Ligand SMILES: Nc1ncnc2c1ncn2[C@@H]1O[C@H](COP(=O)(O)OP(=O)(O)O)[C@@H](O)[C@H]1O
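Here you get one chain, nothing else, as C-alpha cells; it is the form predicted alone.
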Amino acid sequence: MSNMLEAKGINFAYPSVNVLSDVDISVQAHESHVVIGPNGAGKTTLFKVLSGEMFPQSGKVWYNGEDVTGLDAWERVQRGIGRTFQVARLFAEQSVLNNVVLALECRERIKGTSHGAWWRLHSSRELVDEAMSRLAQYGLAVRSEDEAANLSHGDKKRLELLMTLALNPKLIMLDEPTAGMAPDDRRSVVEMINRLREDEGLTLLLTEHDMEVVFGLATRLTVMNQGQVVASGDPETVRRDPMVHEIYFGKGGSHA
C-alpha cells in the first residue's frame, strides 16, 4: 500500500523541554493507524504538527506526495485531512442538525459551489436533507433538534466526527476519540470508527490510551516514549516487543 501521510525527522521543542526528537511516521492508505504511549510521550504534539496546528523546527510532512510542512491547518483540510479533538469542538447552542449543515456549508464554500448568498437566513433544502441522512446513518437523527450542548459526551464526539466527515476528507485524525466515555458510548464510537474505514474507505490516524479500544481499531501501531518512536508495526508484533513491555510494565513486568 502507498503512504498517504508521511513525516520524517520531525523535531519540536519548547525552550525548556524537547517534545519530539527525530520522529518518523507513515500512514498507509485505508489503514487504521493508532499512536500510543505514556502521558507526555509527544502524541498530541505530533498530531498538531501533522495537522498543521503547529510547525516543526525541522523535518518534513508529506500528504499524498505533496510537501505540506509549511501549510496551515485549513489548507490541509482543503486537501483532504480531517481532525477531531480530545474535547469535541461543536457549535454548542446550535441544534445537532445545524451543526452538520454548517459543516456541509463549509464544504460547499471550499468547493466553490454556491447555494446562495452567505448572508441568507436558511440553508438549501439539499444540504438539510443531506445532513439528516448523515445523522440517520449514524443514529443521531432522533436528536436532530436538540442543542448540541445537551448531548452526552459520546454523542458529542460522534457529532464532531460527522461534522468532520461532511468535509469529505480522505484521512481523518482522531485525538483520544473515546476519552472519558462510558462503556456503551465507547463501544458505539469504536463501531462507528471501524465503519468509516471499512464502508467509506477512509484512512484513520488515532491516538488512544484504552488498550481494549486500541486493539479493537488498529491495523498498525506506533509506540512513542519521551518524544521518540520506539516501535511500529502490526498490533501483534508491537505487543511482543520487549521495549514496549518495558515502557508499560517496567523491567521484569508482566508480559500478558
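A residue's number is simply how far along the shown sequence it sits, counting from 1. Please read these numbers as outputs of a predicted model, since none were measured by experiment.
Omitted from view is the form predicted together with this ligand, to which the following refers.
Contact check for A41: a heavy atom falls within 4.5 Å of this ligand in the predicted complex. Using a 4.5 Å cutoff between non-hydrogen atoms, I247 does not count as a contact of this ligand in the predicted complex. At least one heavy atom of V19 is located within 4.5 Å of this ligand in the predicted complex. Though the partner is left out of this view, S32 does not reach within 4.5 Å of this ligand in the predicted complex, counting heavy atoms only. Taking S51, T203, T45, T222 one by one, only a single residue has any non-hydrogen atom within 4.5 Å of this ligand in the predicted complex, and it is T45. Of the candidate stretches 187 to 195, 33 to 41, 60 to 68, 211 to 219, only 33 to 41 contains residues with a heavy atom within 4.5 Å of this ligand in the predicted complex.
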